[in-house]
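In the block that follows, a single chain appears as structure tokens, in the form predicted alone.
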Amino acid sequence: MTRAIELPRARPEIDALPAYSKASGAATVRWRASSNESTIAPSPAVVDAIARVGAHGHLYPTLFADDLVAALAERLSVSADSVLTGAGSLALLQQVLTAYTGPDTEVVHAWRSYEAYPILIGIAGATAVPVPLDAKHRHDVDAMIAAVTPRTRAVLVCNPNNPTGTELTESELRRLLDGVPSHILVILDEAYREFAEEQVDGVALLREYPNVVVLRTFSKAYGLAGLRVGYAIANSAVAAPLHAAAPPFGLSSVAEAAACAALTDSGHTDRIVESVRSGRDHLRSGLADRGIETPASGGNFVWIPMVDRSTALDAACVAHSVSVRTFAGEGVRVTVGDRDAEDAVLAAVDAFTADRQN
């Protein structure tokens, strides 16, 4: 007789988490414009660093990425105890949410924004409080301030915003910071800052607003998405619990060496940024010529607000051998930087439009 077995069950909050979306056709298309990766490979300096350190892969890395922390502290003119590193800025965001939020607390964030936010908030046991973007696909600062309650422990701001690319000005961000009580964290996700037009500097604001935590990454403008390197900058008192809770050896020695090398090769980063800005202009101009208006983007992508036609445009793009990231009923996000991929998207738009007219 077979014995009935009851398997362990996850917390109810985990069962209720939304799934992270996948791009359709990403494994079969010629161009992948769905993941906001750099279209330019790492520089020779980075490749050399990876090979050099990889030869010693049998050894543990430093406990807390000491060399990278020192390099970042010097570059940003902050103390080393204000800097944390991790396996991408997403891992650091989870660390911050785990340390400063939890059950019976709330995290305010714009929506639509980065789709991982409600997942990570749920893992921390907190309640996500999404605040709709305004009619121009931008953060609604006043509505976000109004959403703060006695249960709020953090306000999460993606600037430039993923997936819409829209940016807050410095004055708008200051208005948000002035409107949020100082005991509440304001987490500034600046993953796309290097591509931004406004050039708002969260680290400079941190010097005036000690409740700010800034998240940045090497995945985008430095072209290291596959190596998973991110960093956070916070007031040393805010950072102390994060250091205490940080997992040892959280960054591989190969990733640390690659990031240190990337910091020294500003010309390569400039090349990546220039390819993105040129690609944004090309794609947005081509879409405008076809009667499709898009919001100005500060990211390495363009948002096409197609609403109920988003899924159909996605299918047209895959048919033209380019994957995009689609949010059904809202829009399509297209990573830029490869002119052939951008032109494939425009060709897909032409085919999509012709099919609708027939």
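Remember, it's a predicted structure, so these values are computed and weren't measured experimentally. We number the residues from 1 along the sequence you see.
The protein also exists as the form predicted together with a small molecule; that form is not presented, and the subsequent description refers to it.
Residues with any non-hydrogen atom within 4.5 angstroms of the small molecule in the predicted bound form fall in just one of 72-80, 132-140, 275-283, 211-219: 211-219. Remark: all three candidate residues (L90, Y117 and A191) come within 4.5 Å of the small molecule in the predicted bound form, counting heavy atoms only. For the options T85, Q95, N162, T101, the residue carrying a heavy atom within 4.5 angstroms of the small molecule in the predicted bound form is N162. Among the residues A239, C158, V180, A255, the one placing a heavy atom within 4.5 Å of the small molecule in the predicted bound form is C158.
Although the partner is absent from this view, H243 stays clear of the small molecule in the predicted bound form, with no non-hydrogen atom inside 4.5 angstroms. The small molecule is not shown here, and in the predicted bound form it never comes within 4.5 Å of any heavy atom of R174.
When contacts are judged by a 4.5 Å heavy atom cut-off, R228 counts as touching the small molecule in the predicted bound form.
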